[in-house]
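First comes one chain, alone, set out as structure tokens in the form predicted on its own.
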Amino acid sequence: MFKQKRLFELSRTILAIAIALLIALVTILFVSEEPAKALSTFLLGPLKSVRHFGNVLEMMIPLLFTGLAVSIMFSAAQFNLGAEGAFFLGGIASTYIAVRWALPNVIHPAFAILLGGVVGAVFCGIPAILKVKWNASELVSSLMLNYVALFLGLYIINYFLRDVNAGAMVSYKLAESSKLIKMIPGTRVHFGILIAVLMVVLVYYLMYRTRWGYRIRLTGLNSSFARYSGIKTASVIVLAQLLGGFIAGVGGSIEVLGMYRRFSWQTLPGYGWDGIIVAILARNNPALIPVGAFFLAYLRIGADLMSRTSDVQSEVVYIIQGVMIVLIAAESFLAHYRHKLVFKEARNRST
């Protein structure tokens, strides 16, 4: 029964994606004077050169981290939206180490990434503590704290790390010893992609092969049952959000050290919100996070290429995202077929 339910959920997700793509393609047909060219660029553009496909992988890396971070917290039914702030502060922390500290080549980025993860964990741990101690909504508190992260980070950059000779509000140049090495010639794909893959494996093992992962998932499914079973749900709630914040912070650190020469963000980069989309597409399953991240990155790069070579704007990708989220999140979408599946299974067992 469990396998059939998982198969049904996967089928529902695929159908939602197909419907969203169909709506987007019909929209392009109506608004474009050259729909064939626009559609070709949108669907096949990222595959036409190594550089364009590299752009997909580059965008996929931060989405992997934030998608994993959100999936852990959502698995525990903790709707902490702090992955965005944790990602931003992780980048700030790694920038500080990259600018102010002098360390050997391998140790320098490793320490910067680790510190970024710790800062992200502390940030996402605040809503967790507020939830456990005073039953404060982690959704509201994390959403508000994202703005605290933004302005705190900008204060640190602009008053402690800013290069006044750069002509913009950016940090000093990152030390060469702190940067992640590039892996694919002709692209900016860096060593962080291997760290991201390793993180996917570790999170999957944690969630499905350890007692702590079982406790997180059980607490998310039914916190009352988990508590009556002897699980300390308060500790599980805090742990899930600390882990999510750590992964998001690591992602922010890797993005800065792998893609930039200076810290230049003056607003929240948005990868935390994108991580929510990835987690929804993957149904909080760490094994499917790479698929969701690649799909979203591919859509965005394809839409960007289309907007630069045709008369269709890149915002068409937001139509796809919106329709997908609505259909996947809607419990009544294809609910009739799920009920038939449950009834059929129950009848087979009775006979």
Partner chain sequence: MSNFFNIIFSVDFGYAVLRVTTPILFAAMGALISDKAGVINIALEGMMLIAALTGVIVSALAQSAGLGLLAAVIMGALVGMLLAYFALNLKTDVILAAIAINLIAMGGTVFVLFVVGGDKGISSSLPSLVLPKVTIPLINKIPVLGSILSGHNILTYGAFLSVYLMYIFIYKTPLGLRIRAVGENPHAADSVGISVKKVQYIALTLSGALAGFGGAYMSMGYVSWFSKNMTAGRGFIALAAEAMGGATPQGAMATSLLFGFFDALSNSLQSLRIPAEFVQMIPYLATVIGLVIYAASKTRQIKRIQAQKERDAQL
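Positions refer to the first chain, counted from 1. Rigid core (definition): largest C-alpha set, two forms, superposition within 1.5 Å. If you're wondering where the values come from, they're calculated on a predicted model, not measured in any experiment.
Although it is not shown, the form predicted together with its partner chain is what the next lines describe.
J.: At 4.5 Å by heavy atoms, is each residue in Asn135, Leu145 and Leu327 next to its partner chain in the model of the complex?
T.: Yes, the whole trio is in contact, each within 4.5 Å by some heavy atom.
J.: Going by a heavy atom distance of 4.5 Å, is Asn285 a contact of its partner chain in the model of the complex?
T.: No, no contact at 4.5 Å.
J.: Would you classify Leu47 as touching its partner chain in the model of the complex, given a 4.5 Å non-hydrogen atom cut-off?
T.: Leu47 lies outside the contact set for its partner chain.
J.: With heavy atoms only and a cut-off of 4.5 Å, decide whether Asn158 touches its partner chain in the model of the complex.
T.: Answer yes; at least one heavy atom of Asn158 falls within 4.5 Å of its partner chain in the model of the complex.
J.: Can you tell me whether Asp311 touches its partner chain? I mean in the model of the complex, with a 4.5 angstroms heavy atom cut-off.
T.: Heavy-atom contact with its partner chain at 4.5 Å: present for Asp311.
J.: Exactly one residue in Phe74, Tyr260, Phe111, Tyr172 has a non-hydrogen atom within 4.5 Å of its partner chain in the model of the complex; which is it?
T.: After the contact test, the surviving option is Phe74.
J.: So its partner chain isn't shown here. In the model of the complex, which residue out of Leu180, Leu154, Leu115, Leu242 has a non-hydrogen atom within 4.5 Å of it?
T.: Here the answer is residue option Leu154.
J.: Hey, of 286 to 294, 39 to 47, 26 to 34, 54 to 62, which bit sits against its partner chain in the model of the complex at 4.5 Å between non-hydrogen atoms?
T.: Checking each option against the 4.5 Å cut-off leaves 26 to 34.
J.: Going through 263 to 282 from first to last, which residues have a non-hydrogen atom within 4.5 Å of its partner chain in the model of the complex?
T.: Going through 263 to 282 in order - heavy atoms within 4.5 Å of its partner chain in the model of the complex - the hits are Trp273, Ile276, Ile277, Ile280.
J.: When you overlay the rigid core, is the Cα of Ser49 off by 2 Å or more between this form and the one not shown?
T.: Superposed on the core, Ser49 moves its C-alpha less than 2 Å between this form and the one not shown.
J.: Would you tell me if Ser32 moves between this form and the one not shown by 2 Å or more at its C-alpha, with the rigid core held superposed?
T.: Yes, shifts by 2 Å or more.
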